[in-house]
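Below sits a lone chain in structure tokens, taken as the form predicted on its own.
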Amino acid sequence: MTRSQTPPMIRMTGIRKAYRLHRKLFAPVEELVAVNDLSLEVAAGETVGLVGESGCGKSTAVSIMLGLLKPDRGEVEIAGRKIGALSVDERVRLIQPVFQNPNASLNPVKRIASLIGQPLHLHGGENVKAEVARMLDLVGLPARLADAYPGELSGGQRQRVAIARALILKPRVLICDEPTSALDVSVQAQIINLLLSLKSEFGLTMVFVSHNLAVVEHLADRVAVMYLGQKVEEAPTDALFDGAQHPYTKALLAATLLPDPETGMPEQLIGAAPADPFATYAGCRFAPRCREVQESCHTTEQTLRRLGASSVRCTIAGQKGRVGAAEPKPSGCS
């Protein structure tokens, strides 16, 4: 099979996932569309950043990617195989997660060696003790911690344990869902550098979910931006940070806090209206909050289209003379 014929390591096609919920205690049931018409491909060895506000559908998307949730519509393929056709044993050896909070994902009454080695015990691995020792070394933890409990470790050390456990089966794909958000800034940098090192060591394909755009810029080859369940922009990392096309992406970049206190608070390019995941939209979902909005945005269905290096879900993107059209990239994102 030639390179052009090689299937992507991850392919999501037309994914939709909705929940039926009560907005308030005695309110009628309403439909909340968490993910709508999401298509995403991740090539072998590539790292894709998935960004957006809380509630935009990122975590639902990665749960579907991991096979933990079944979509209402659409298909997921891992290494060219439909995820529903994979046995549990095949799936866990292909794709593994690292979650946001290691305190919740690590059993507090199990020793570190047992936690890291558990996947091998469950899925027929050999030389478990030696493999655990090797993984401790790879993630930068001293061997003496093998007999410790999670509560005896720092937050950064616990996240290293979670990474070691995820990689002990030698998966081809690692899904990182906000793995640094609960850590101090200095520790975040250490974990990011560790992930970069392990990506090279294992030849990993990665999806990295984060609110921190500076982290995504440092780690990702390509970035997909989500808003209320839809992918609104996707581009190579440099192209997106140097010249974002969608008004929402530009607003996220402009909201980045800079390290110089004399610069003050960043300008807000998002309107005061809150995002409403229950609302129905004839046009753009971001229109109620967009400073560049035009009348047609409320009525014209938005579809992804190519614009330079980006795919963007915006009919007015690229027009000259729009509000914020020449907004520079914040220097703090580099």
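Numbering starts at 1 and follows the sequence shown. Quantities reported herein were computed from a predicted structural model and do not represent experimental measurements.
A second form of this protein, the form predicted in complex with a small molecule, is not displayed here; the remarks below concern that form.
For the chain shown alone, T280 is not a contact residue for the small molecule in the model of the complex, no non-hydrogen atom being within 4.5 angstroms. Contact between T47 and the small molecule in the model of the complex is not found at the 4.5 Å heavy atom cutoff. Contact check for E301: no non-hydrogen atom falls within 4.5 Å of the small molecule in the model of the complex. At the 4.5 Å threshold, heavy atoms of A34 reach the small molecule in the model of the complex. Screening V42, I64, C290, C56 for any heavy atom within 4.5 Å of the small molecule in the model of the complex leaves a single hit, C56.
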